[in-house]
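Shown here is one chain on its own, the form predicted alone, set out as structure tokens.
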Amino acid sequence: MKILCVGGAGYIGSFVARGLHSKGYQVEVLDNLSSGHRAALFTEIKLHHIDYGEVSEEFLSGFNYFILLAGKIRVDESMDNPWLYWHENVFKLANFLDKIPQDSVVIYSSSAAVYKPKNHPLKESDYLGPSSVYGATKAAAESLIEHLALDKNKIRAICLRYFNAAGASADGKFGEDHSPETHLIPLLCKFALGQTERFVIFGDDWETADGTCVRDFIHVEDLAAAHILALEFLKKSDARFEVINLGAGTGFSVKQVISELETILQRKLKIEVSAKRPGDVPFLVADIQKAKDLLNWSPSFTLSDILKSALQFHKSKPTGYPDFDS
């Protein structure tokens, strides 16, 4: 069982790669390091510094299990530069999947952004209607993978629809380090620690209880554990294709997240409010029953755990990972 973790030096990918390595799996990482970090991986994990759109069929023939986490992830950027997102998230993916061996197993990193939220919590069978280019590219990628699995019988696959990944390792060594950073919890933690001057909420007049967006925050270590369980599920079953939500199953508004951090810090934070962003939606909360049933998985970390671990990472690495990637 030789596993290639594509995008495995990124935030979620590095937690997956380290988790697999710690369990004794033979895992290697493929990453162009455009947003990933060599320092996010154990030194024993082999890193191939290659873009997944340029890798050869000969190289890929040495693997039969693939965890695919590469791609662009910023909603705002996708609205400004849609071609970039279609190229990185769909066209490169199609080229990559065309090169992998027949009967490969694929775990794909998808997103809750594929949904058009009408009901809460969201089930895998709910209507898809992405409100952003990013979400549209994730939905297209899922469709491509489903076609290869069910119509072409080339692969067996699970698409994992992430809700809001957050948090860091408890020791503060590994966490979220994007440039620029656009995610709520790292931005909030950096502001609370005095590493940035402002923290801005995008809209406080949404149709929610307190006017701010409601999101489902899942600890990155819970996400990593789910990838390993998904891999093991496909290894022992004859399933060809599944989509599975990964979240905590509980929603918190932006104001509730801020309040929880203020409780941890025992002080108030001065927050600013700006206009809504294109592509945002008021609610995104997961129904996670399928993950419980198929993978025997459930989240183990609370919102407080997520915030405390994120604070520890940003406190210990105020400028992020050391800049010695190669």
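Since we're looking at a predicted model, the values are computed, not measured. Numbers for residues come from their place in the sequence shown, where the first is 1.
In what follows, reference is made to the form predicted in complex with a small molecule, a form of this protein that is not presented.
J.: Taking any heavy atom pair closer than or equal to 4.5 Å as contact, tell me whether residue 92 reaches the small molecule in the model of the complex.
T.: The answer is yes: residue 92 has a heavy atom within 4.5 Å of the small molecule.
J.: Although the small molecule is absent from this view, report whether residue 66 comes within 4.5 Å of it in the model of the complex, heavy atoms only.
T.: It does not: once the small molecule is placed as it appears in the model of the complex, residue 66 has no heavy atom within 4.5 Å of it.
J.: How about residue 12: is it within 4.5 Å of the small molecule in the model of the complex, going by heavy atoms?
T.: Taking the distances in the model of the complex, the answer for residue 12 is yes, it comes within 4.5 Å of the small molecule.
J.: Since only the chain is shown here, I'm wondering whether residue 34 would be in contact with the small molecule in the model of the complex (any heavy atom pair within 4.5 Å).
T.: Judged by the heavy-atom cut-off of 4.5 Å, residue 34 is in contact with the small molecule in the model of the complex.
J.: If you check 116, 183, 255, 99 against the small molecule in the model of the complex, which one has a heavy atom within 4.5 Å?
T.: So the residue touching the small molecule in the model of the complex, by this definition, is 183.
J.: Quick one: of 123, 190, 154, 178, which gets a non-hydrogen atom within 4.5 angstroms of the small molecule in the model of the complex?
T.: None of the others qualify; the residue that does is 178.
J.: Within 4.5 Å of the small molecule in the model of the complex, do 75, 174 and 313 each have at least one heavy atom?
T.: Spot residues vs the small molecule: no contact at all.
J.: Which one, 201-209, 76-84, 104-112, 232-240, holds residues whose non-hydrogen atoms are within 4.5 Å of the small molecule in the model of the complex?
T.: Of the options given, it is 104-112.
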